[in-house]
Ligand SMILES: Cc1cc2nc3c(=O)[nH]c(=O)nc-3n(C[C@H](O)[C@H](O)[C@H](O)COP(=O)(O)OP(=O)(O)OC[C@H]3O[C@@H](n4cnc5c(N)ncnc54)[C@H](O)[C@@H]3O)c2cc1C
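Next up: a single chain in C-alpha cells, the form predicted alone.
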C-alpha cells in the first residue's frame, strides 16, 4: 500500500489526534527524538515493529556533538558510564605496522571528548530509560506500519494488526529499508559506494588478558581490507571486506569467522555475539519531508562507516527536528518552518556521506600498486587534517562569520561560585551570547523573543554569570564578532560585529522562524 491524501471533507482535526507526533522505529534516532519531544511535553507515540528492543550491536561510535545532545536530555553521566572515549585512529599496513596515526584528543567545541565508542544495546537502554521518564510518550512494540493517509492537518496510520493511529505528524526513523519512505514514494539517490563486509562483534571471556587491538585500526591490505577496534570496555569489532570469490553464506560460518580472527583471538578467549554480512551503502533521500511525514536517520540517508557518522547524523536529525516541531506544535511558528528541515540537514549529511565515500575509496582499494602509492603518501604526510565537521545547509543568517557552524559550549561561573556547562545553566533553546552590554532597544527585542520562543541572553562577563576559561570569548574574538545567536541544535544562526547589529540579528531570527 502507499500513502494517499484523505478527502478534504475529513472531520479529523488536530485536536482529535492520538499523538502530536507518531515516530515509526525505536532505534537510537527514534529514541532520541521521542525523548527530546517528550521532555518538552509533547504527546508522542512510538511504533516499533519488533516485539522488543534490538539486542545486538550495530553502531559503535558517536562524537562530542551527540554527547551534547545526551547532555540536553540529562543522561550524559549515564552514557559516560557505558561509553569509552576514542583516543586515536590508526591506518595500518597488512602486517600491522602503523602507516598514519590520527589522534582524537583535539579540543572539541561541545566541551566533551571528541569521540566515543559504545555497545549499542547499552546505549539504547539508557535512551529507553530517558523516554520512559516522559509521561507524554507511549512506546508500542510489535506495531508494524502498513499504510499512511494524509489529511489537511493530520496523518492516519494503519498497523498490521488493524489498529489505526492518527497524529499531526509522522516521522520515519525506521532504518534504511524504511516503510515510511516507501509509503510516501520518496526516492533515494545513490552516491556511488557499495560494498559487502563481514562484521563480527566479540566479547572476550572473563580472565582473558587485554587484547593487543588498536583503539580504532583500519588495515589497508589490498588482499582483504579490514578494520578492528574497541566497541566499548568489554567488546571488540572486526570488519572484513568481501573480495572476489567470497560466498557471503560461507563467510558467516563459525569456522570461517574464527579463521579470520585467528591473528588476534580464538574461541577459547572470546565469544562471538554477532556475525553478519552487511552491505555498506551511500544513499540520500530526495527530500526528508512530504507534507506531514518526515524522515530521520537511515530512513533519510545511509553512509559507509569509515567516519563513524551514521548514527550521529541521525541523532543530529532528531535534534534539529525536535526544536522545529516544538515551535510548530506550540503554535509559536507556522508549519512552513518545517520546510527548513530538509534544507538544513540534507547538505550536511550529504557532505558526511561524500567524505565517508572518499575515505572508503582509500580503505577498500584492492589494487596493490595503487594501495602502495597511497600508503607511501600517508607515511610522508606531516600535517594532520582538521576534524571533518561541515556546516548545516540552511536556517541561519547568510554571509556572517560562523553562521551554520557548530557553536562552542562555554563554561560559566554562577553567582554562587559554581562552574557549569552553559547548556545546563541556560537550557536547550535559542541562546544569545554577547560581549557587550545591551541597550534599551536590543533588550526589548530580546524580551520579545523570550516571550515568543524562550530566548535566553547572556552578556559575557556580566555580574552573576561569568565565563570560565575563555572558550567563548576567544572564539568570538578570533572571528571578529561581539555576539553570537545559537539555535537549540547548537548551530550558529548568526553573529554581530557590533551592538548596532544585534537588533537586526534578532529580527532576522524572527522572520526565518515563521513566528506567528
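Since the structure is predicted, the reported quantities are computational estimates derived from the model, not experimental observations. Residue numbers count along the first chain shown, from 1.
Below: the form predicted together with the named molecule, not depicted.
task = Decide yes or no: are 144, 179 and 278 jointly within 4.5 Å of the named molecule in the model of the complex, with each residue judged by its heavy atoms?
result = Yes: each residue has a heavy atom within 4.5 Å of the partner.
key: Partner-facing stretch of 107 to 115, 329 to 337, 294 to 302, 368 to 376, counted where any non-hydrogen atom is within 4.5 angstroms of the named molecule in the model of the complex   = Only one stretch passes the 4.5 Å heavy-atom test: 294 to 302.
key: Position in contact with the named molecule when the complex is considered in the model of the complex, options 175, 429, 270, 217, heavy atoms within 4.5 Å   = Of the listed residues, the single hit is 175.
query = Is residue 48 close enough to touch the named molecule in the model of the complex, meaning at least one heavy atom pair within 4.5 Å?
reply = Looking in the model of the complex, residue contacts with the named molecule include residue 48, since a heavy atom lies within 4.5 Å.
message = Taking any heavy atom pair closer than or equal to 4.5 Å as contact, tell me whether residue 59 reaches the named molecule in the model of the complex.
response = Contact check for residue 59: yes, within 4.5 Å of the named molecule in the model of the complex.
ask   = Is residue 33 one of the residues lying within 4.5 Å of the named molecule in the model of the complex, judged by heavy atom distances?
value = Residue-level check for residue 33: no, no contact with the named molecule.
query = Is residue 308 close enough to the named molecule in the model of the complex to count, meaning some heavy atom within 4.5 Å?
reply = So residue 308 counts as contacting the named molecule.
inquiry  = Heavy atom within 4.5 Å of the named molecule in the model of the complex: which residues of 415 to 434 meet that condition, in order?
reply    = If the 4.5 Å heavy-atom criterion is applied to the named molecule in the model of the complex, 415 to 434 yields nothing.
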